[in-house]
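Coming up is one lone chain in structure tokens, specifically the form predicted alone.
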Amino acid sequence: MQYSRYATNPILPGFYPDPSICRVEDDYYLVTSSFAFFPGVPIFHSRDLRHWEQIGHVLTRSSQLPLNCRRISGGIYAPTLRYHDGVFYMITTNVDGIGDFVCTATDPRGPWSEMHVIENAPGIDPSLFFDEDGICYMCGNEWGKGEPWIWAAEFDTKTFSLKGERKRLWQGALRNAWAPEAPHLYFRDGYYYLMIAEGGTEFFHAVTIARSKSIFGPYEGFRGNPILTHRHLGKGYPISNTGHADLVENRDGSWHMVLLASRPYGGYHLNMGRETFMVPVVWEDGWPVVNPGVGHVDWLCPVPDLEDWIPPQQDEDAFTSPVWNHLGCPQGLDPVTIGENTLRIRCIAPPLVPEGEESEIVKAHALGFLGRRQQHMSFEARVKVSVPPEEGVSCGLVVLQNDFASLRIELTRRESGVEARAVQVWKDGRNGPLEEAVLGLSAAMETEELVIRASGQSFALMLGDWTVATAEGGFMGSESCGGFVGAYIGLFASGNGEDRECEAVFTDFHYTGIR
């Protein structure tokens, strides 16, 4: 199909992995994974596939999302979004002890229901499929006796439980395929199609597909598998890790695929983690062809000639914007008080990266942190900070990749006055000890403007226009330090081992993407 309009990839820049999409008449809705960040499962809306508006989150209450703030790559894995008979269904996995569950809503903006936990559903990456007769099926993955399988079972949408036994469907396109996961079922022209990811969610990631005349198989793998991968393009290609995809049919009969991929920069470093991309799909001889004539993900994605839709303007610098997240789920006393231009963070016991024994605050609350995703290779983030009067408290601005990798510029109250420190946190190898190094020190005032400026992997940690220290940021790539998330730019406060009643006050935050 020839199109005259294009979407720019990534359609959701920054840490938005594992996308799932559905269309309801002229409206498209898309969700992604959120791991240990709260609220969970961001949800987006579009009417033209080119412009996307975040309309909220699916998981907005502590009862829906118990989280451990100390394991950033835990929490919510791989949601699937589906719509049937007036109801939206979001199914996902909370790997921190909850397992698979479903939430429902009649309006994707919410409110969404409490979670309905699904018993006897092993694995991760669950998905729902509504057949033409209205019967619903759930599929997932398992590693029984060391052998990976994609399974399916009939699913009761009234009791939110499996009906009958789970049936094994497929083990993937490759013999002994690594990590067959992210299963999605579709029905087209008399065939059930089972599309999955395999190869692991890093460099060898791929999308493969099989089909069957029966929902429970047997499934025939496509001889042209994988239908999408970038592993053959090498690590010098500017888009990598393509996989974990979902298909959507447009009103004109054309098809598109959303998927995750990464943008390495400054070497093979993936600071922004896995982002959401999109490609066109056509069907030939009963099988999908991804980005025909090209065969890989490109920076521009042709889309149908839909009427231009411009979403409402959002001020993402406002702390009330849906782009902001806690780390961990606030339960009980929330350490963060949010206003449009003013943020107050209580100086609770845990430091930004807690070590040693968990305090009750760590167990029961989010950390004293609020952040938004890094979305550009080069950027500037700045905020004004007022330091509390109590000696020993700290507050500041951080680029946080995960538990083991961050850069921060912080203000600490000392007996002699306020001290500014530029700090790097890293692990020497994934299994080495957690290290913290002070890169630079400077005297500061009671209120300062803190700035982090990145030009590619070169970071400057600043007090206003004064550079306290510089650092190279490649160590914050997700594959360099481990984990499944992408970098957040956050504001934090800490009592450094003590729970204090005082608050750090942040105002006038600005994030500017440069490229």
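Counting begins at 1, following the sequence as shown. In this text, all values refer to a predicted model and were calculated from it rather than measured experimentally.
Keep in mind that the form predicted in complex with (Z)-L-Arabinonhydroximo-1,4-lactone is not shown, yet the notes after this line are about it.
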>> To verify the annotation, which of these, 393, 425, 124, 115, has a non-hydrogen atom within 4.5 Å of (Z)-L-Arabinonhydroximo-1,4-lactone in the predicted complex?
In response: 124
> Taking (Z)-L-Arabinonhydroximo-1,4-lactone in the predicted complex as the reference, which of 324, 149, 404, 77 has a non-hydrogen atom within 4.5 Å?
Replying inline: 77
>> With a cut-off of 4.5 Å between heavy atoms, is residue 157 one of the residues that contacts (Z)-L-Arabinonhydroximo-1,4-lactone in the predicted complex?
In response: no
> Does the 4.5 Å heavy atom contact test between residue 484 and (Z)-L-Arabinonhydroximo-1,4-lactone in the predicted complex come out positive?
Replying inline: yes
>> At 4.5 Å between heavy atoms, is residue 260 in contact with (Z)-L-Arabinonhydroximo-1,4-lactone in the predicted complex?
In response: yes
> Would residue 35 count as a contact of (Z)-L-Arabinonhydroximo-1,4-lactone in the predicted complex, using a 4.5 angstroms cut-off between non-hydrogen atoms?
Replying inline: yes
> Okay, which stretch from 124 to 132, 286 to 294, 158 to 166, 251 to 259 lines (Z)-L-Arabinonhydroximo-1,4-lactone in the predicted complex, with non-hydrogen atoms inside 4.5 Å?
Replying inline: 124 to 132
> Going by heavy atoms, what in 210 to 246 lies within 4.5 angstroms of (Z)-L-Arabinonhydroximo-1,4-lactone in the predicted complex?
Replying inline: 244
